[in-house]
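Starting off, we have a lone chain in the form predicted alone, written out as structure tokens.
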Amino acid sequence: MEQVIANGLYLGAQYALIALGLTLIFALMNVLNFAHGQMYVLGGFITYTVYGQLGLPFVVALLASGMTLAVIGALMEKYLFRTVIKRSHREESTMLLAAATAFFFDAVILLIFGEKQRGVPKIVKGVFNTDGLIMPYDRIAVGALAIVFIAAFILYMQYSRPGRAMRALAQDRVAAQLMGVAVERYSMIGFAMGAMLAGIVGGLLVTITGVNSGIGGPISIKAFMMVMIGGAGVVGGAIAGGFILGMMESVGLTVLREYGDVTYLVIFAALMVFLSIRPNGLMGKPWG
């Protein structure tokens, strides 16, 4: 049982960090960023290049991953999504644009890095081993870093001026604009932060699971699942959804380990039942 809980908490911390970036973008702009998983993959490849290939410190690689994705996110918001939102009032337009960017990133990543699985040296060697619990130190380090980033994100959103402005935008965009909030500036900052979180968690997990060009879609699906569980556009919901999915995977892979992918079939079935009962998620509000 201790092993199952530890694995669930480790997975949940990573998943919550992924979901936070997606839900932040949705809360600020009402945009489902289908390219979120591809941003995760790109962050993993940047860390692989800087840390695994160039031999620079892991912290430098993680910083490079986060900052690169933040710049990409800011440019996407300013030159793509902002333009489409201004010219079209149909939500389908932004959804199609997000899907197109996902396919574009898939093609670029495949062209640059190829199909092979890439990995990096462990950031911490050794295994923590006690009765009933075995956990490599690198997983403990990555899980701890993920929790630190989650806490830093919450504190930033709660107490910083940009964080308060973005929370105001998420609550009522028109009212925030009437109160003097620079809507376009903080929308760009929020999109950049969401992309940065995806890049950071991609950089963290490349040290554990490696990265390849084909996992962007599955990662996006998991991110959407977490957001649906917790409630779209709610920070607390994204964190709760991440830890719930992490525990479900840990329990499922332990109980159903002989049946392989049946675990995910059960999780999807449970999600369908849950959404039929609570279509807005645990903490969400009606979309639109």
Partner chain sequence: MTRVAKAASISAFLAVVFILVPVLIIATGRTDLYYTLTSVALLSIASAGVWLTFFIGRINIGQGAYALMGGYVSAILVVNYGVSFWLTLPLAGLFCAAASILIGYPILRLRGVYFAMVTLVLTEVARLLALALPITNGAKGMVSIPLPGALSIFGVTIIPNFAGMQSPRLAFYLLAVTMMVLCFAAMYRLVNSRIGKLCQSLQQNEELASSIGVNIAYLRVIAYAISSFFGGVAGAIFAAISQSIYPSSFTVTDSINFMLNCFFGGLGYVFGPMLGTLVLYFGWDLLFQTGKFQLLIYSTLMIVLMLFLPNGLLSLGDLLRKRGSNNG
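Predicted, not measured: the structure shown is a model, and the values here were computed from it. Positions refer to the first chain, counted from 1.
Keep in mind that the form predicted in complex with its partner chain is missing from the display, and what follows is about it.
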### Message
Looking at Ala100, Val127, Ile154, Ala144 here, can you tell me which has any non-hydrogen atom within 4.5 angstroms of its partner chain in the predicted bound form?
### Response
Ala100
### Task
Consider the chain as shown here, without its partner, and state which of Gln177, Gln171, Ser160, Thr83 has a heavy atom within 4.5 Å of its partner chain in the predicted bound form.
Thr83
### Query
Using a 4.5 Å heavy atom cut-off, are Thr68, Val120 and Leu205 all in contact with its partner chain in the predicted bound form?
no
### Task
Using the partner position in the predicted bound form, report whether Leu56 sits within 4.5 Å of its partner chain, counting heavy atoms only.
no
### Message
I'd like to check something about Phe104: if you look in the predicted bound form, is any of its heavy atoms closer than or equal to 4.5 Å to a heavy atom of its partner chain?
### Response
yes
### Query
Any chance Tyr48 has a heavy atom within 4.5 Å of its partner chain in the predicted bound form?
no
### Task
Check whether Ile221 has any heavy atom within 4.5 Å of a heavy atom of its partner chain in the predicted bound form, and answer yes or no.
yes
### Task
Just one of 105-113, 207-215, 188-196, 129-137 has residues with a heavy atom within 4.5 Å of its partner chain in the predicted bound form, so point it out.
105-113
### Message
If you apply a 4.5 angstroms heavy atom cut-off, which residues in 215-248 are near its partner chain in the predicted bound form?
### Response
Ile221, Phe224, Met225, Met228, Gly231, Ala232
